[in-house]
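Each of two forms of one protein chain follows alone as structure tokens, named structure 1 and structure 2.
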Structure 1
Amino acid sequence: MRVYALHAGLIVLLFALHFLLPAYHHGNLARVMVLASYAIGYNILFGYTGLLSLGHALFFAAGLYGMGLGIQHLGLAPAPAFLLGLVAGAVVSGGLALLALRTSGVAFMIVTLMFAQAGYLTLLYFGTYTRGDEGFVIAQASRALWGIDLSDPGNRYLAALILFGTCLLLSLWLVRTPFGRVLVAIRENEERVRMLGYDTFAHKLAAMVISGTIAAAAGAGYGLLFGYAGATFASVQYSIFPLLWVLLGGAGTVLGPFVGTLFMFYLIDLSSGITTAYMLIAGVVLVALTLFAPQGLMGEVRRRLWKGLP
């Protein structure tokens, strides 16, 4: 009950901040919640299953473009367009998993990176429809869900909160099920799990599809709430970002992705207000965190204060 109270308390706190934050931080926190949903999806594969992927930008972009192209070229309403983004993410992650999971370790990382880069180049090649790096704006009139204008800052924040809360609670439930326990066991010792009779390939395949679908939901949500889709979101940096957020917050912790995303977002935001060399400041802070909190912020909380923190 303490665990569920903690995570529900975070959602309640974020809801209360909707009425308290000034406009600038209100908009920032909405963006952070959507990106944290992306990190939650990544954490299921990396933090809990132990598979280091450098191709998650492909899934994020699949959801983003599945939704965006559905509205832009097929004339879909936001709800079916969002579902199209989810389906695109599930199909792409499932297809990639069937190929990439034939490898392991560094080879898995390289294969996911190669496919993500191929996806990025594909978006550039079909620039007539995707508009490439320039991207395209999703009209405000096309972003009304059941009569609710998602371009309105208040509605956008609450929609981002619903997306984040759903991903957070789904992740919390998943890792506490027998399936989630098997994923952790695979991360710790896959060979022993296989000897116990579990189908490790099927579990890793399911984990990758779940992870990719959540990432696609974040991508579709991002395009729907902020009204933009561009090929930049499929580039390699957007595969590295969720890895960085998860490592900072604490890999293998449910709250780690949100804490890491929030920390990194405001670290860059505040540093850029001080100097144009803001990445130097960010780099120094990140090195210090790596040295003094090697398990991430929430990982250190679990190690030092609360052993049972999921």
Structure 2
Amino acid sequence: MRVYALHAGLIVLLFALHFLLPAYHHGNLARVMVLASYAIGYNILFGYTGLLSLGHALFFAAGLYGMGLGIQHLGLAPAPAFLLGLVAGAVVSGGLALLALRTSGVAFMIVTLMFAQAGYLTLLYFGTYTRGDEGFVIAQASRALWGIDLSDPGNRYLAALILFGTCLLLSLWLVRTPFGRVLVAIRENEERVRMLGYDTFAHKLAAMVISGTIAAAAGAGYGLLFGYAGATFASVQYSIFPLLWVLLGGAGTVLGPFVGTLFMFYLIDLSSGITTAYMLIAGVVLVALTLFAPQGLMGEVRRRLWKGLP
């Protein structure tokens, strides 16, 4: 009960902030919520299943470009384009999972990294359609969903909140189902789970597709809400970001991805005012986290204050 109160409370709080925040932070928080949805997707694979992927930008970009190219070249309306993004994410993550799950540990990390890099380079190679690094702007006219203009800051915030709330509750529900319990068991001891008669490959496959599809939803949402698609979103940096956010917030906690994204976003926002080398902060935080706090912020909360935090 307390668990549901906590997570519903966060969503209500974010809704209340819609009326309270000044314009600058209002816009930032909308962005944080979309990126946190991406981190939630990542967390299902990394935090709960224990598979460290270095290629999630591929899924984010699959959603972003599935949606964006659908609007740009097929003339789709936003809703079907969003769905196309989801389907693209599911197909790409399913395909990569079939290959990458044949490996484990370090090999899994490198395989996902390499395929994501190949995907990024492919986006550059087909620059005539994707406009490569430069990217393309998704016209305001094609960003109206059922007559609601998503480029308006108010609507954008609420749409981001709906996307984030859906992803948050979905992941909360998922990790408390028997399926989610099996995922955690795979993270802790895969051999033993297999001995108990579970099909670990099928579970990992499903986890990767769910994770990739949520990441794609975040990507498609990002494109719709902020009106831009560029190859940068497919680069290695965007595979490292969700890892950083989840590690900082606490891997294997439902709230961790949001907390980590929020902290990191403002940390980078503040430091980029001082220097252009803002990725330095990301590097220092990564090293410090692995050295001193591998549990992350919410992981520490769980360890010290509330053992039952999901």
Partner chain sequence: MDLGPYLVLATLEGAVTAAVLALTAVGLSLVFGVMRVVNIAHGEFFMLGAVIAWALAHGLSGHPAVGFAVALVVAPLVVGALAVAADMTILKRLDYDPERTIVATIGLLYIIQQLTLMGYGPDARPVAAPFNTRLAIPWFEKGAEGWQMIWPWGLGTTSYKLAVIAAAVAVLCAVWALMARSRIGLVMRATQSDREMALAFGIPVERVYALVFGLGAGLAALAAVLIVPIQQAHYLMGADPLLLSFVVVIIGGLGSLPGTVVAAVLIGLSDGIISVFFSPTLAKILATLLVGLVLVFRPQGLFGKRGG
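Everything numeric here is computed off the predicted structure, so don't read it as measured data. Whichever C-alpha set is largest while still superposing within 1.5 Å between the two forms counts as the rigid core. Structure 1's sequence is the ruler for residue numbers, which start at 1.
S.K.: Given structures 1 and 2, which represents the form predicted on its own?
M.R.: Pick structure 1; the other is not the form predicted on its own.
S.K.: Answer yes if the Cα of L52 shifts by 2 angstroms or more between the two structures on a rigid-core superposition, and no otherwise.
M.R.: Shift of 2 Å or more: no.
S.K.: Does superposing the core leave M279 with a CA shift of 2 Å or more between the two structures?
M.R.: Yes.
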